[in-house]
Structure formats: structure tokens, C-alpha cells
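Take a look at this single chain in C-alpha cells; it is the form predicted alone.
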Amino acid sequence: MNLHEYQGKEILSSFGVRIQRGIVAQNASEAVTAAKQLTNETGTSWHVIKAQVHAGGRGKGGGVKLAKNLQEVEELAGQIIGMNLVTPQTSAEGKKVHQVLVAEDVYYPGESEIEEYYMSVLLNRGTGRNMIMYSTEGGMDIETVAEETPHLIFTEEIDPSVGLLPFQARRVAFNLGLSGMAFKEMTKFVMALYTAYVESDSSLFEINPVLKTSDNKILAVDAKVTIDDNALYRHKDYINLRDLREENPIEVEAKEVGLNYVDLDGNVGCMVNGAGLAMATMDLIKQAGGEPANFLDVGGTADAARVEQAFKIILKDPAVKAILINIFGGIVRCDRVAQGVIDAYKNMGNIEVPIIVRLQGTNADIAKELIDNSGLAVLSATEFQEAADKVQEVFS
């Protein structure tokens, strides 16, 4: 579950991570009120107006602006709220901005230089350990840094049996070139950040930039936080942080009816039972000259009602030009799935794309007979290659 910046910062702050303070606003009037409150609480006279969408690169798309007075706060908030923000991480249509974060200005002058760093906490799937990835090149795309100056990216892996140790946090501060008070502040920041990551059951914390202020404070200016959906039962209060407006509406609908669905960019809809079979089916589609339009796992209860729901979800994507149903009958009987396909086809009555059904396993022979004798425009197959050939025929 992805969070907005302001929500991620609230979680960080609750674990003692110093953040750039801010208040979320739904309209220009609320933005002005928020700016006044921040001025009273922090003394800041300038404010940063940040679009709150689930996408990085907001500044490049015009979603982050500096306001030097209350009039500019109102004007900039009014411009950003309601805009379709296009960034390198959105589609060409962009994402509509429903709210902004009015944040304090932390780039104030002082005796020492201001520095920006990159830092993230995530799972290294190769080693099965959490790791901290960090760089002196904050404020930049980490992908660009990795490609052009890989020697400026450092990693610190954490032994899960003991957690992050103080000497590791000190090594992070040392590699970032810090000393004195800034060194101590960074050490505390890293320890608190890792604690927040573990205790919140997150799968990603990305802070870009982490800022060293002119008075040697270390704080998170941005926060990209992803919570592990599988751990939400342990964090009932986090569930309310989900913003469905930011998620794919088809994926939201699929989740509500208990289907595992991921929207993709292809033209062949997939209906499969089991994640492994779904991945193999997607490979099959690509080998046949198509592109998978989705990942859809109906699970082990593929009855008529569930199959019909899956059809409706797949057909909401206008890019779908064919549907491949690939079911292995283990827990579920193939003849029941076949009957579900037939019933769904008749009930919906407006399926205009070719449907290829490959059923293998328990009662597969009965299932094929049901499909073949249904009188419907459904192509049946029993082997993987046979299904691939039929997909190829659709696009030839």
C-alpha cells in the first residue's frame, strides 16, 4: 500500500525521525490557514507547496513550488490542486491532484553548507536481508546516479537476528562525509529510520532528499513509504491511510470481489488459477506474439459467479483484444470452470473478443466437451502449445 508524502512523514515522526513539518490542505483557503499555522509554530516565512500524488518526480512536473508570502501560497495551491500532474512516473495523462502539503522552508541560511543525501530502506531479495541504500547525491534520480556514478552509492545490510547496530549507523554517517554534530544527528536519524521501517512493516522507505540543514540538523524533506499489504492486519490504523483515488480503479474493484488482479499494458486478458501458472501464461502469450493485459488469479474457487466477475473485470480494459483462460484443475474441477465460462458468456451477452479456454486436470475431458458443445464462440484447448497456437491465430 503506497502512502502520500504527508502520511509517510507522520509515520516517520511517530518513531522519532525528524521531518520537514507540514500540514495537508484540500483547497487554497486551507493552504493559507496551514501556512499561517506553520509560521506560528516554526517561525518559517516561506512555504513549500507540494502536490500529494503517488508518483515521484513531482517537482519536474510543476507539482512542487516555493511560496514567499501568503498570497503566493493561495495562488500556487490553487494552481496545483485540480491539475493533472505529469511526471516521469505517471502515464501521459498524469494524475489529478486532490490535495497539497504546505511545508516549512528548511533551506534557511546559516554558518555551514546545506547538503542533500539519498537514503532508502528496503529488502535485498538476493540475500533475504534488509538493507540501507544511501548516497551523497540527494535530490537526484537514484537510477541516474547508479548508471553514471555507481561508486557514489553505498549499501548497509542488516543481520535480521540482531537488527541495525550502532556501528553501522555510524558507518553511514562517515561514508556521507559528516563530522561533529551532523555526524551524531545522522547516526540517530538512521537508527530511528530503520526502527520505523521494521515496526511499521514497510516494504520501502525512500527519503530523497535527506537534508543536512545549515545548523547541522538531519531531517527527511520527502518520504516515499510503501506498507506491506500482508501486514496490515497488525496495523488497523494504517488501513484508513489508503487513498483509492490514487489506485487503478479496475484493481480496486477486483480487490473488493476477492480477485488478485494487476493491470498491465498488453492486449490479451488472462484468467488463471495460481500465481505460478499466471506467470507461465503471460510468457506463453508473449511467445505467441501478444502482450498480457493483466495478471488475474481467480484462486481455487473458480465457480460460475467468480468466473463471471473475472470476465467483467478483464473487459473493463478497452485494450483487451482476446482472453486466454488457463486453469489447472486440482482443487477446482475443470468441468465446473467450463460451466462457469458458459454461464458467464450467456449472462453477459456482449463479449465481442475471442476467448481461448485451456483446461487441464480434474475432469478436463468433460470440460472440453462442455465448451465444444456449447455453441458459443469459445475456442478450447488442452495443451499449453495448443493454447499458444490459438492465441497466435487471433493475431494473425
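Note that residue numbering begins at 1 and tracks the sequence as displayed. These figures come from a predicted structure and were not determined experimentally.
We do not show the form predicted in complex with a small molecule, though everything after this point is about it.
Look at 332 to 340, 354 to 362, 367 to 375, 53 to 61: in the predicted bound form, residues with non-hydrogen atoms within 4.5 angstroms of the small molecule sit in 53 to 61.
Residue V48 is the only one of A344, V48, A28, L38 with a heavy atom lying within 4.5 Å of the small molecule in the predicted bound form. Checked against the small molecule in the predicted bound form, the residues Q99, T213, N273, N208 give one hit for a heavy atom within 4.5 Å, which is N208. E104 belongs to the set of residues with a heavy atom inside 4.5 Å of the small molecule in the predicted bound form. Although the partner is absent here, E137 lies well away from the small molecule in the predicted bound form, with no heavy atom inside 4.5 Å. Of the heavy atoms in M348, none are within 4.5 Å of the small molecule in the predicted bound form.
Mapping the unseen interface onto this chain, E116 counts among the residues with a heavy atom inside 4.5 Å of the small molecule in the predicted bound form.
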